[in-house]
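Given as C-alpha coordinates, the chain that follows is alone and in the form predicted alone.
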Amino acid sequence: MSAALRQTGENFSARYQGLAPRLPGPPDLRRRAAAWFDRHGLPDTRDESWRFTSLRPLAGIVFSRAEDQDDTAPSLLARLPPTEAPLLVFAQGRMRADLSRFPAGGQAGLSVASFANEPSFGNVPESETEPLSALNTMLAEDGARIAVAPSADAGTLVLLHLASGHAEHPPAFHPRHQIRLGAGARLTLIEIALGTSVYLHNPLTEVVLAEQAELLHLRLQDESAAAFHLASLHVALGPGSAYESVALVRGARIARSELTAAIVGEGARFALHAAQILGGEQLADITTVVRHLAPGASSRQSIRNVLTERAHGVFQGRIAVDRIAQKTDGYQMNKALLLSEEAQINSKPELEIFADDVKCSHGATVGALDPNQLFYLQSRGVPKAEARAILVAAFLGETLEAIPHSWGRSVLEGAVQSWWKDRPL
(Lines give C-alpha, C1' and ligand atoms only; values in the text may rest on other atoms or scores of the structure.)
Protein backbone atom coordinates (compact mmCIF):
# COMPACT_ATOMS: atom_id res chain seq x y z
CA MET A 1 0.00 0.00 0.00
CA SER A 2 1.31 3.46 -0.88
CA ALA A 3 2.04 5.89 1.92
CA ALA A 4 -0.56 8.34 0.54
CA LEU A 5 -3.32 5.69 0.45
CA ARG A 6 -2.37 4.60 3.96
CA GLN A 7 -2.72 8.21 5.06
CA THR A 8 -6.25 8.38 3.64
CA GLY A 9 -7.18 5.30 5.68
CA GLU A 10 -5.59 6.77 8.79
CA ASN A 11 -7.67 9.93 8.33
CA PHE A 12 -10.84 7.80 8.44
CA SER A 13 -9.61 6.13 11.64
CA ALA A 14 -8.85 9.52 13.18
CA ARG A 15 -12.33 10.76 12.30
CA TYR A 16 -13.86 7.73 14.01
CA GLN A 17 -11.90 8.48 17.17
CA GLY A 18 -13.22 12.04 17.16
CA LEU A 19 -16.82 11.07 16.46
CA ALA A 20 -17.07 7.88 18.55
CA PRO A 21 -18.83 9.43 21.59
CA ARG A 22 -21.53 10.96 19.34
CA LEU A 23 -22.20 8.09 16.95
CA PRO A 24 -25.59 6.38 17.37
CA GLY A 25 -26.09 2.79 18.42
CA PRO A 26 -24.13 0.18 20.41
CA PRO A 27 -20.41 1.00 20.33
CA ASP A 28 -18.93 -2.52 20.55
CA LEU A 29 -19.32 -3.44 16.88
CA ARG A 30 -17.93 -0.05 15.86
CA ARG A 31 -14.87 -0.55 18.04
CA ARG A 32 -14.16 -3.98 16.54
CA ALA A 33 -14.58 -2.67 13.00
CA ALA A 34 -12.33 0.29 13.75
CA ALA A 35 -9.65 -1.99 15.23
CA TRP A 36 -9.73 -4.16 12.12
CA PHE A 37 -9.57 -1.09 9.84
CA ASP A 38 -6.64 0.31 11.86
CA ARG A 39 -4.69 -2.89 11.15
CA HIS A 40 -5.62 -3.36 7.49
CA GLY A 41 -6.62 0.04 6.12
CA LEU A 42 -7.97 0.52 2.62
CA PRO A 43 -7.41 -2.40 0.23
CA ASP A 44 -4.87 -2.36 -2.59
CA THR A 45 -4.26 -4.53 -5.64
CA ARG A 46 -2.21 -7.05 -3.64
CA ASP A 47 -5.53 -8.21 -2.21
CA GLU A 48 -6.79 -10.88 -4.63
CA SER A 49 -10.36 -9.59 -4.62
CA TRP A 50 -9.06 -6.09 -5.48
CA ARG A 51 -6.42 -7.03 -8.03
CA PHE A 52 -8.27 -5.28 -10.89
CA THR A 53 -9.48 -2.24 -8.94
CA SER A 54 -6.97 0.25 -7.63
CA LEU A 55 -7.99 2.89 -5.10
CA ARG A 56 -4.86 4.90 -5.85
CA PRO A 57 -6.91 7.96 -6.98
CA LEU A 58 -8.09 8.25 -3.33
CA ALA A 59 -4.50 8.49 -2.12
CA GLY A 60 -3.81 11.65 -0.20
CA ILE A 61 -7.42 12.86 -0.17
CA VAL A 62 -8.59 13.97 3.26
CA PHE A 63 -12.33 13.33 3.28
CA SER A 64 -14.28 15.45 5.72
CA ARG A 65 -17.56 14.90 7.52
CA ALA A 66 -20.48 16.60 5.82
CA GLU A 67 -21.65 18.93 8.57
CA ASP A 68 -24.46 20.85 6.86
CA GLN A 69 -27.44 20.12 4.70
CA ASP A 70 -26.82 21.19 1.13
CA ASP A 71 -29.00 23.54 -0.88
CA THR A 72 -28.35 21.70 -4.15
CA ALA A 73 -30.49 18.73 -3.10
CA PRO A 74 -33.77 20.12 -4.54
CA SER A 75 -32.15 20.72 -7.95
CA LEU A 76 -30.79 17.17 -8.02
CA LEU A 77 -34.22 15.86 -7.04
CA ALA A 78 -35.73 17.81 -9.94
CA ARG A 79 -33.69 15.73 -12.41
CA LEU A 80 -36.03 12.78 -11.86
CA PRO A 81 -39.43 12.39 -13.52
CA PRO A 82 -42.38 12.88 -11.14
CA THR A 83 -43.74 9.91 -9.22
CA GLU A 84 -46.52 9.41 -6.70
CA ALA A 85 -44.64 6.68 -4.84
CA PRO A 86 -43.35 7.28 -1.31
CA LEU A 87 -39.89 8.84 -1.39
CA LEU A 88 -37.09 8.66 1.17
CA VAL A 89 -34.47 11.32 0.45
CA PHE A 90 -30.96 11.26 1.90
CA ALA A 91 -28.78 14.30 1.24
CA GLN A 92 -25.15 14.39 2.38
CA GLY A 93 -25.81 10.99 3.95
CA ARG A 94 -28.65 12.18 6.19
CA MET A 95 -32.39 11.82 5.88
CA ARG A 96 -34.15 14.94 4.62
CA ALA A 97 -37.69 14.78 5.99
CA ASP A 98 -38.55 18.06 4.23
CA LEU A 99 -37.85 16.49 0.81
CA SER A 100 -39.20 13.04 1.60
CA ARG A 101 -42.74 11.79 1.06
CA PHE A 102 -43.46 9.17 3.68
CA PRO A 103 -45.83 6.23 3.16
CA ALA A 104 -49.46 7.07 3.73
CA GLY A 105 -51.39 5.18 6.36
CA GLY A 106 -53.12 3.17 3.69
CA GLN A 107 -49.92 1.74 2.20
CA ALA A 108 -50.28 -1.76 3.56
CA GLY A 109 -47.71 -2.94 6.01
CA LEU A 110 -44.89 -0.54 5.03
CA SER A 111 -43.00 1.23 7.79
CA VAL A 112 -39.90 3.41 7.56
CA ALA A 113 -37.51 4.97 10.06
CA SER A 114 -34.01 6.40 10.12
CA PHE A 115 -30.88 4.72 11.46
CA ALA A 116 -30.05 7.92 13.35
CA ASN A 117 -33.27 7.62 15.38
CA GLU A 118 -33.42 3.82 15.61
CA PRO A 119 -29.84 2.57 15.25
CA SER A 120 -29.33 -1.11 14.55
CA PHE A 121 -26.45 -2.77 12.73
CA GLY A 122 -28.44 -5.85 11.76
CA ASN A 123 -26.66 -9.13 11.18
CA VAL A 124 -23.97 -8.65 8.51
CA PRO A 125 -21.13 -11.12 9.23
CA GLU A 126 -18.63 -9.14 7.14
CA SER A 127 -19.17 -5.88 9.04
CA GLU A 128 -15.90 -6.22 10.92
CA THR A 129 -13.63 -7.95 8.43
CA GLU A 130 -14.26 -6.53 4.95
CA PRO A 131 -12.76 -3.11 4.09
CA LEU A 132 -15.89 -1.38 2.79
CA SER A 133 -18.18 -2.89 5.42
CA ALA A 134 -15.76 -2.10 8.25
CA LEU A 135 -15.43 1.50 7.06
CA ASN A 136 -19.21 1.86 7.02
CA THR A 137 -19.67 0.17 10.40
CA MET A 138 -17.30 2.48 12.22
CA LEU A 139 -18.60 5.73 10.63
CA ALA A 140 -22.32 5.20 9.83
CA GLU A 141 -24.52 8.01 11.15
CA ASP A 142 -27.82 7.62 9.30
CA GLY A 143 -29.66 5.42 6.86
CA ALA A 144 -33.05 3.98 6.02
CA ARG A 145 -34.82 1.29 8.03
CA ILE A 146 -37.55 -0.23 5.87
CA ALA A 147 -39.87 -3.02 7.00
CA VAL A 148 -42.84 -4.73 5.37
CA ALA A 149 -45.27 -6.71 7.52
CA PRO A 150 -45.98 -10.37 6.77
CA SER A 151 -48.31 -11.00 3.80
CA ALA A 152 -48.41 -7.28 2.90
CA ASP A 153 -48.00 -6.03 -0.66
CA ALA A 154 -46.34 -2.67 0.02
CA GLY A 155 -46.16 -1.46 -3.59
CA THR A 156 -43.30 0.88 -4.52
CA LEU A 157 -40.81 2.85 -2.44
CA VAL A 158 -38.08 5.17 -3.84
CA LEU A 159 -34.81 5.54 -1.90
CA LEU A 160 -32.85 8.54 -3.15
CA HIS A 161 -29.25 9.52 -2.34
CA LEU A 162 -28.23 13.10 -3.17
CA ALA A 163 -24.70 14.38 -2.71
CA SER A 164 -22.92 17.68 -3.23
CA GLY A 165 -19.16 17.44 -3.07
CA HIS A 166 -16.27 19.84 -2.99
CA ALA A 167 -13.01 19.71 -4.97
CA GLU A 168 -10.79 20.99 -2.12
CA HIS A 169 -12.63 19.57 0.91
CA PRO A 170 -14.52 16.51 -0.33
CA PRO A 171 -17.01 14.98 2.12
CA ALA A 172 -17.66 11.30 2.77
CA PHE A 173 -21.00 9.64 3.59
CA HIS A 174 -21.52 6.17 5.07
CA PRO A 175 -25.28 5.45 5.17
CA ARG A 176 -26.49 2.22 6.77
CA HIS A 177 -29.68 0.77 5.27
CA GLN A 178 -31.85 -2.17 6.32
CA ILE A 179 -34.69 -3.72 4.31
CA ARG A 180 -36.69 -6.48 5.98
CA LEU A 181 -39.69 -8.26 4.46
CA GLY A 182 -41.89 -10.52 6.56
CA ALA A 183 -43.23 -13.88 5.40
CA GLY A 184 -45.14 -13.54 2.13
CA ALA A 185 -44.49 -9.77 1.88
CA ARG A 186 -43.78 -7.93 -1.38
CA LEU A 187 -42.02 -4.65 -2.21
CA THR A 188 -40.53 -2.83 -5.20
CA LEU A 189 -37.60 -0.70 -4.04
CA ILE A 190 -36.11 1.83 -6.50
CA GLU A 191 -32.74 3.14 -5.32
CA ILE A 192 -31.09 6.10 -7.09
CA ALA A 193 -27.80 7.90 -6.37
CA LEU A 194 -27.08 11.35 -7.87
CA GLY A 195 -24.42 13.92 -7.08
CA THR A 196 -22.05 16.72 -8.08
CA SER A 197 -18.30 17.33 -7.65
CA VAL A 198 -15.95 15.23 -5.46
CA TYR A 199 -17.11 13.03 -2.55
CA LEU A 200 -17.07 9.46 -1.27
CA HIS A 201 -20.33 7.50 -0.97
CA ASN A 202 -19.89 4.30 1.06
CA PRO A 203 -23.36 2.77 1.68
CA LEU A 204 -23.99 -0.61 3.26
CA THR A 205 -27.39 -2.24 2.74
CA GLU A 206 -28.74 -5.35 4.44
CA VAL A 207 -31.73 -7.14 2.89
CA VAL A 208 -33.49 -9.93 4.79
CA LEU A 209 -36.33 -11.84 3.12
CA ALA A 210 -38.48 -14.17 5.18
CA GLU A 211 -40.29 -17.20 3.77
CA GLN A 212 -42.05 -16.54 0.42
CA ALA A 213 -41.17 -12.81 0.50
CA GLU A 214 -40.42 -11.07 -2.81
CA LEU A 215 -38.29 -7.96 -3.41
CA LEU A 216 -37.74 -6.24 -6.75
CA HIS A 217 -34.73 -3.95 -6.28
CA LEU A 218 -34.00 -1.44 -9.07
CA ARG A 219 -30.76 0.53 -8.72
CA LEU A 220 -29.32 3.47 -10.65
CA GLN A 221 -25.82 4.65 -9.73
CA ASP A 222 -25.44 8.01 -11.47
CA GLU A 223 -22.94 9.70 -9.16
CA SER A 224 -20.75 12.62 -10.17
CA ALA A 225 -17.97 11.68 -12.62
CA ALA A 226 -15.49 12.95 -10.03
CA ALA A 227 -16.96 11.01 -7.09
CA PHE A 228 -16.11 7.65 -5.54
CA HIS A 229 -18.83 5.03 -4.98
CA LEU A 230 -17.89 2.08 -2.75
CA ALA A 231 -21.00 0.08 -1.88
CA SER A 232 -21.81 -3.17 -0.07
CA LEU A 233 -25.08 -5.09 -0.40
CA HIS A 234 -25.86 -8.16 1.72
CA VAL A 235 -28.94 -10.27 0.94
CA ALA A 236 -30.30 -13.19 2.99
CA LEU A 237 -33.04 -15.28 1.33
CA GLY A 238 -35.43 -17.47 3.32
CA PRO A 239 -37.39 -20.50 2.04
CA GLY A 240 -39.20 -19.83 -1.22
CA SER A 241 -38.27 -16.14 -1.24
CA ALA A 242 -37.23 -14.19 -4.33
CA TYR A 243 -34.76 -11.34 -4.74
CA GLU A 244 -34.47 -9.73 -8.18
CA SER A 245 -32.19 -6.77 -8.87
CA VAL A 246 -31.77 -4.71 -12.02
CA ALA A 247 -28.84 -2.31 -11.71
CA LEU A 248 -27.34 0.35 -13.98
CA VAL A 249 -23.89 1.80 -13.26
CA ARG A 250 -22.91 4.91 -15.20
CA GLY A 251 -21.44 7.37 -12.67
CA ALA A 252 -18.40 7.89 -10.43
CA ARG A 253 -14.70 8.00 -11.17
CA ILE A 254 -14.27 4.73 -9.30
CA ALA A 255 -17.26 2.53 -8.49
CA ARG A 256 -17.13 -0.76 -6.61
CA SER A 257 -20.35 -2.66 -5.91
CA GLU A 258 -19.99 -5.71 -3.68
CA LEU A 259 -22.99 -8.01 -3.46
CA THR A 260 -23.10 -11.00 -1.12
CA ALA A 261 -26.15 -13.27 -1.23
CA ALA A 262 -26.75 -16.03 1.31
CA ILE A 263 -29.46 -18.42 0.10
CA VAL A 264 -30.40 -20.05 3.39
CA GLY A 265 -33.92 -21.22 2.52
CA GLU A 266 -34.95 -24.11 0.30
CA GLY A 267 -36.33 -23.12 -3.10
CA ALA A 268 -35.25 -19.47 -2.94
CA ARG A 269 -34.57 -17.52 -6.14
CA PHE A 270 -31.86 -14.90 -6.67
CA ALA A 271 -31.42 -12.85 -9.86
CA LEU A 272 -29.09 -9.99 -10.77
CA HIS A 273 -29.30 -8.17 -14.11
CA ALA A 274 -26.72 -5.39 -14.30
CA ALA A 275 -25.19 -3.06 -16.87
CA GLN A 276 -22.12 -0.85 -16.65
CA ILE A 277 -21.86 1.96 -19.22
CA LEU A 278 -18.57 3.81 -18.84
CA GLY A 279 -16.36 6.32 -20.61
CA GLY A 280 -13.40 8.59 -20.00
CA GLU A 281 -11.13 7.26 -17.25
CA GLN A 282 -13.94 5.57 -15.29
CA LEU A 283 -13.41 2.28 -13.49
CA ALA A 284 -16.40 0.23 -12.31
CA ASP A 285 -16.27 -3.11 -10.54
CA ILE A 286 -19.15 -5.48 -9.77
CA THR A 287 -18.02 -8.21 -7.37
CA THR A 288 -20.51 -10.85 -6.24
CA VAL A 289 -20.51 -13.88 -3.97
CA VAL A 290 -23.63 -16.09 -4.05
CA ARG A 291 -23.65 -18.78 -1.38
CA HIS A 292 -26.10 -21.65 -1.86
CA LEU A 293 -26.69 -22.98 1.65
CA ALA A 294 -30.01 -24.78 1.05
CA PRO A 295 -31.30 -27.26 -1.55
CA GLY A 296 -33.45 -26.54 -4.58
CA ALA A 297 -32.51 -22.87 -4.99
CA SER A 298 -31.53 -20.97 -8.13
CA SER A 299 -29.31 -17.98 -8.91
CA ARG A 300 -28.95 -15.99 -12.13
CA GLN A 301 -26.38 -13.28 -12.84
CA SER A 302 -26.22 -11.44 -16.15
CA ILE A 303 -23.76 -8.52 -16.47
CA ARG A 304 -23.36 -6.35 -19.56
CA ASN A 305 -20.65 -3.73 -20.07
CA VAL A 306 -20.42 -0.94 -22.63
CA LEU A 307 -16.98 0.69 -22.46
CA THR A 308 -15.60 3.55 -24.51
CA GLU A 309 -12.54 5.82 -24.43
CA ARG A 310 -10.22 4.53 -21.64
CA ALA A 311 -12.90 3.07 -19.38
CA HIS A 312 -12.23 -0.09 -17.38
CA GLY A 313 -14.93 -2.57 -16.37
CA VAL A 314 -14.59 -5.45 -13.91
CA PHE A 315 -16.84 -8.36 -13.03
CA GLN A 316 -15.86 -10.92 -10.39
CA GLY A 317 -18.51 -13.49 -9.59
CA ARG A 318 -18.30 -16.51 -7.32
CA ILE A 319 -20.97 -19.16 -6.85
CA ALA A 320 -20.36 -21.30 -3.77
CA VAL A 321 -22.52 -24.41 -3.31
CA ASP A 322 -22.60 -26.05 0.11
CA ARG A 323 -22.71 -29.83 0.49
CA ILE A 324 -26.33 -29.69 1.63
CA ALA A 325 -27.43 -27.57 -1.35
CA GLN A 326 -28.46 -30.36 -3.73
CA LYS A 327 -30.57 -29.48 -6.82
CA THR A 328 -28.87 -26.06 -7.03
CA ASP A 329 -29.20 -24.23 -10.35
CA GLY A 330 -26.59 -21.46 -10.70
CA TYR A 331 -25.62 -19.37 -13.72
CA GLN A 332 -23.54 -16.27 -14.42
CA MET A 333 -22.62 -14.51 -17.66
CA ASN A 334 -20.51 -11.42 -18.30
CA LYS A 335 -20.65 -9.72 -21.72
CA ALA A 336 -18.60 -6.70 -22.76
CA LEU A 337 -18.86 -4.39 -25.75
CA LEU A 338 -15.64 -2.40 -26.29
CA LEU A 339 -16.16 0.77 -28.32
CA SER A 340 -12.51 1.88 -28.36
CA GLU A 341 -9.13 0.20 -28.54
CA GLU A 342 -8.15 1.62 -25.14
CA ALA A 343 -11.17 0.32 -23.20
CA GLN A 344 -10.66 -2.84 -21.16
CA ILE A 345 -12.63 -5.47 -19.29
CA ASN A 346 -11.58 -7.99 -16.64
CA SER A 347 -13.78 -11.00 -15.98
CA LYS A 348 -13.18 -13.50 -13.18
CA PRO A 349 -15.93 -16.13 -12.77
CA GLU A 350 -15.58 -18.80 -10.08
CA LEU A 351 -17.49 -21.94 -9.11
CA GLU A 352 -16.96 -23.64 -5.76
CA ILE A 353 -19.15 -26.74 -5.58
CA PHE A 354 -19.33 -29.33 -2.79
CA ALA A 355 -22.70 -30.88 -3.72
CA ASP A 356 -23.18 -33.71 -6.24
CA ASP A 357 -26.53 -32.98 -7.87
CA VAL A 358 -26.19 -29.42 -9.20
CA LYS A 359 -26.35 -27.48 -12.45
CA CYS A 360 -23.91 -24.55 -12.47
CA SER A 361 -22.29 -22.71 -15.36
CA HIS A 362 -20.58 -19.45 -16.25
CA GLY A 363 -19.42 -17.65 -19.35
CA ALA A 364 -17.91 -14.46 -20.71
CA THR A 365 -17.78 -12.74 -24.09
CA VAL A 366 -15.84 -9.67 -25.25
CA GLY A 367 -16.23 -7.98 -28.61
CA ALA A 368 -16.78 -4.86 -30.67
CA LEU A 369 -19.76 -3.75 -32.73
CA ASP A 370 -20.49 -6.02 -35.68
CA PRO A 371 -19.27 -4.21 -38.85
CA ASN A 372 -21.83 -6.05 -40.97
CA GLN A 373 -24.68 -4.77 -38.82
CA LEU A 374 -23.24 -1.26 -38.97
CA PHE A 375 -22.95 -1.48 -42.75
CA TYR A 376 -26.54 -2.71 -43.05
CA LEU A 377 -27.93 0.21 -41.03
CA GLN A 378 -25.81 2.77 -42.87
CA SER A 379 -26.84 1.32 -46.23
CA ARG A 380 -30.43 2.05 -45.18
CA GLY A 381 -29.60 5.72 -44.62
CA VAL A 382 -28.90 5.64 -40.86
CA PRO A 383 -25.97 7.95 -39.92
CA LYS A 384 -22.97 6.12 -38.46
CA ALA A 385 -23.24 7.61 -34.95
CA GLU A 386 -26.95 6.78 -34.79
CA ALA A 387 -26.33 3.27 -36.11
CA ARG A 388 -23.75 2.66 -33.38
CA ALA A 389 -26.19 3.96 -30.76
CA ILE A 390 -28.92 1.62 -32.05
CA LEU A 391 -26.64 -1.40 -31.76
CA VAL A 392 -25.49 -0.44 -28.27
CA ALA A 393 -29.11 0.04 -27.17
CA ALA A 394 -29.92 -3.41 -28.53
CA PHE A 395 -27.00 -4.88 -26.57
CA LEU A 396 -28.37 -3.36 -23.35
CA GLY A 397 -31.97 -4.13 -24.19
CA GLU A 398 -32.08 -7.48 -22.42
CA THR A 399 -31.12 -5.85 -19.11
CA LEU A 400 -33.66 -3.04 -19.35
CA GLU A 401 -36.42 -5.27 -20.65
CA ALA A 402 -36.16 -7.29 -17.44
CA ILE A 403 -37.70 -4.35 -15.52
CA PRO A 404 -41.43 -4.94 -14.86
CA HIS A 405 -41.94 -1.49 -13.29
CA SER A 406 -42.80 1.29 -15.78
CA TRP A 407 -41.50 4.31 -13.81
CA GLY A 408 -38.32 2.49 -12.79
CA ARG A 409 -37.73 1.36 -16.36
CA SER A 410 -38.21 4.91 -17.67
CA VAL A 411 -35.62 6.25 -15.18
CA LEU A 412 -32.99 3.69 -16.20
CA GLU A 413 -33.76 4.06 -19.91
CA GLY A 414 -33.47 7.83 -19.57
CA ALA A 415 -30.06 7.42 -17.92
CA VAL A 416 -28.89 5.24 -20.82
CA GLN A 417 -30.19 7.63 -23.47
CA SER A 418 -28.60 10.69 -21.87
CA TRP A 419 -25.26 8.86 -21.69
CA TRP A 420 -24.97 8.75 -25.50
CA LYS A 421 -25.07 12.52 -25.90
CA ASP A 422 -21.51 13.33 -24.84
CA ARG A 423 -19.87 10.04 -25.73
CA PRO A 424 -17.92 9.21 -28.90
CA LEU A 425 -19.99 6.32 -30.21
Partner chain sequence: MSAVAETIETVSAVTEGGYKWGFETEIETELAPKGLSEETIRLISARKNEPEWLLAWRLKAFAAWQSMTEPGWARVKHPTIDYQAIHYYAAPKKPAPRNLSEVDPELLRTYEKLGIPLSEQAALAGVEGSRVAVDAVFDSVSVATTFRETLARAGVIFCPISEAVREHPELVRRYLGSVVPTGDNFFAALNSAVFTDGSFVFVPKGVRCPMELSTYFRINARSTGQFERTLIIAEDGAYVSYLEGCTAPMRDENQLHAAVVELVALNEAEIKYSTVQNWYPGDAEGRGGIYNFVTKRGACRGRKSKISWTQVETGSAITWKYPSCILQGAESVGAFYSVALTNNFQQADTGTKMLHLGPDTKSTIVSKGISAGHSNNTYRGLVRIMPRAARARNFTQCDSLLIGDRCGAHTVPYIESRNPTARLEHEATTSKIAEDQLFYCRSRGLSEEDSVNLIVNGFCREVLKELPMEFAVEAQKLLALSLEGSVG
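If you're wondering where the values come from, they're calculated on a predicted model, not measured in any experiment. Positions refer to the first chain, counted from 1.
The same protein also exists as the form predicted together with the partner chain; that form is not shown, yet it is the one meant from here on.
In summary, among the residues 77, 254, 338, 242, the only one with a non-hydrogen atom within 4.5 Å of the partner chain in the model of the complex is 338. In terms of contact with the partner chain in the model of the complex, the residue from 153, 281, 352, 329 that brings a heavy atom within 4.5 Å is 352. At the 4.5 Å threshold, heavy atoms of residue 363 reach the partner chain in the model of the complex. At least one heavy atom of residue 357 is located within 4.5 Å of the partner chain in the model of the complex. When the partner chain is considered in the model of the complex, residue 368 lines it closely, a heavy atom lying within 4.5 Å. Shown alone here, residue 346 lies within 4.5 Å of the partner chain in the model of the complex, counting heavy atoms only. Heavy atoms within 4.5 Å of the partner chain in the model of the complex map, among the stretches 379-387, 392-400, 23-31, 45-53, onto 45-53 alone.
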